[in-house]
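Presented below, as structure tokens, is a lone chain in the form predicted alone.
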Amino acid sequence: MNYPVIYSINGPVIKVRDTNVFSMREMVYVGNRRLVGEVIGLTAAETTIQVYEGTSGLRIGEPVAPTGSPMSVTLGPGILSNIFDGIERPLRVLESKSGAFIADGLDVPVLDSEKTYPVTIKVREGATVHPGEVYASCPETSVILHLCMVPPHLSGIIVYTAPNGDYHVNDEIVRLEDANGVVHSLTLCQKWPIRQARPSVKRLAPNRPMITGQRVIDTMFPVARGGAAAIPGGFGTGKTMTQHQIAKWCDADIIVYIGCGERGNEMTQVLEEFTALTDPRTGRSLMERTVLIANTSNMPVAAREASIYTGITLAEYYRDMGYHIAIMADSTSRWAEALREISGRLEEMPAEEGFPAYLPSRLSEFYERTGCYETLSDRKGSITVIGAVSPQGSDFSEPVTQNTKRFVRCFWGLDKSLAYARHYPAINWNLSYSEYLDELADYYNTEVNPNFTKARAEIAAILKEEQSLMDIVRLIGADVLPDDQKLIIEIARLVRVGFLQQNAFHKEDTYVPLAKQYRMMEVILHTYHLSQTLLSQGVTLRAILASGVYDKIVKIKYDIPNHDLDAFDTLIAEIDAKLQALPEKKEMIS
């Protein structure tokens, strides 16, 4: 067959002249090596295609073959525990075919076609099924049951069902006849375009936090299940490690980690660490409910741009089964840089700092696909996105950070000075915010303690007041402050060191349940109010500090086990006894 041929090559962007055989967003095969590409521009004179593989060695005059279908991913059992590149090619299989350096044009199956799964059929012949309805199930891993659903926009009558048994992903399981009399063969897998959101019945309001076990997040700046959060920070501030900690401990059912444009050695470390992590829920490998998408900085730039769409499409598929998904996107800045490079090769008019003018709309399209949903299968699932941003020089005023703030409701600003002081997570409480606080208040007050949000607000007020007082201290010193203001600084130190700072390597402190988080706040605030009372009675702040109570409070995150909350009552009684035994200040007699 005579296919159109290439007449222009500019990095990952190629052009084809005088043809009308392509459609917008169609997947194509480029050149004699059949490189994967996607149509991104159509005019009467030419077609513009971005290639997702390396174009080195590609020549003018080589053919471009249409496929008639959009750029899609394969969805089915075998996704979890796997490692893919930006266009869902399994990296382990690619390595076995070409070694450590991936060759271009390799055509390998996305899912293992030799592996069998024990399938249970959920429908019977003659039944009418609708989009999203489950027709079969199989255990994908020991912790995740995979539900095979009727593809969206397809419905009809079941005319054939296979018996229960072991099947490959491409074996026919069910045969469905639609209203037009067309018979469709349904297997364990299906395809879906990466740039099109999967449909749902209804979007639900976020009313439950995604619990991470990290105090500065869960208590101070929570993200709702189905929400979106940004972690901006410069080099070395702990973006990746914070995402690792969240991925390991959060209460999501499935983790999708997207390594987008990071350095190869850092991505290697991620892959090695994730495969070695033990799931605290089950005691088995965390990879049993994790999928990794690795697209390093030396991989083709166009695949980097597609990687976050691949990741969120996989997440939507599991969301439709009723699972709660957490996506770690590291980092959206590298994705935006890929957009900038492709835009430059397309000779588009640049906007701020060279980024394309459509950067905000692309960011909004991505974050819009998060949320808590009622799915077509009558289940409730959610997608929560934690997007890392890497502003150059920790400049939060740069375009990617500023535009991300427009589309997320939770902002965890990492501070270089906190990271260098070994304060982790290095989330700056003065830069960060969460707009989910009001919506999650009922959950905290009902499920944890009726005074939770009140205590959290008082802690936040103490930190804010400390910031104002420290401006004075830096100018004229702390000695000029009265004891009641010095007390605020001391209590704020308790909050910063004893509450906000967390040790990921300590067995009691790496994950802290909400009940203990509240009791820790309760102890700090009780000590604060009692100290205020003693100051008003003439006791000096120096005497209060000399009692050793404050030093003991700093260590409660280590000393009191997560399961022994009654120990807090004993601690409060001990604090009362020590502080109330302090002598009052003697009045000086002239």
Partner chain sequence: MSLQYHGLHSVSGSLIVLDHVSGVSNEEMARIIMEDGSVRTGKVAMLEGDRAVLQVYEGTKGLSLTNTKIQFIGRPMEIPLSGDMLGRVFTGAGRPADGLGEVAAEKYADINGLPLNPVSRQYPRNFIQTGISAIDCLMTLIRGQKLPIFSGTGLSHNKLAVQIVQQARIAEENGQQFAVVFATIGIQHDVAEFFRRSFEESGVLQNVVMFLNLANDPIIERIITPRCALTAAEYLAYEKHMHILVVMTDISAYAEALREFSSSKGEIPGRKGYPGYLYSDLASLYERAGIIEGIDGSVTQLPILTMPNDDITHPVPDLTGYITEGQIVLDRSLEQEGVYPPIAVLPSLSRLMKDGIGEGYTRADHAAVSNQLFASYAQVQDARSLASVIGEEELSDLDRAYLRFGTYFEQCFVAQRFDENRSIEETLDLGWTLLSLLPKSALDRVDNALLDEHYNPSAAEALVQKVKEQHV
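Definition used throughout: the rigid core is the maximal C-alpha set that superposes within 1.5 Å between two forms. Residue numbers count along the first chain shown, from 1. None of the values given here were measured: they were computed from a predicted structure.
Absent from the display: the form predicted together with the partner chain. The rest refers to it.
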item: Candidate from Pro139, Pro152, Pro109, Gly264 lying within 4.5 Å of the partner chain in the model of the complex - any heavy atom; value: Gly264
item: In the model of the complex, the one of Leu582, Val21, Ile9, Ala567 near the partner chain [non-hydrogen atom within 4.5 angstroms]; value: Ile9
item: Proximity to the partner chain in the model of the complex (heavy atom, within 4.5 Å), stretch among 48-56, 523-531, 63-71, 23-31; value: 48-56
item: Contact check for Ile211, Asp483 and Ala573 against the partner chain in the model of the complex, heavy atom at 4.5 Å; value: no
item: Exercise: Ala294 in contact with the partner chain in the model of the complex, heavy atom 4.5 Å; value: yes
item: Distance check, Glu337 to the partner chain in the model of the complex, heavy atom within 4.5 Å; value: yes
item: Proximity of His563 to the partner chain in the model of the complex, heavy atoms at 4.5 Å; value: no
item: Contact label in the model of the complex: Gln392 to the partner chain, heavy atom within 4.5 Å; value: yes
item: Members of 300-314 lying within 4.5 angstroms of the partner chain, judged by heavy atom, in the model of the complex; value: Val301, Arg304
item: Rigid core fit then Arg263 CA moved by 2 Å or more between the shown form and the other one; value: yes
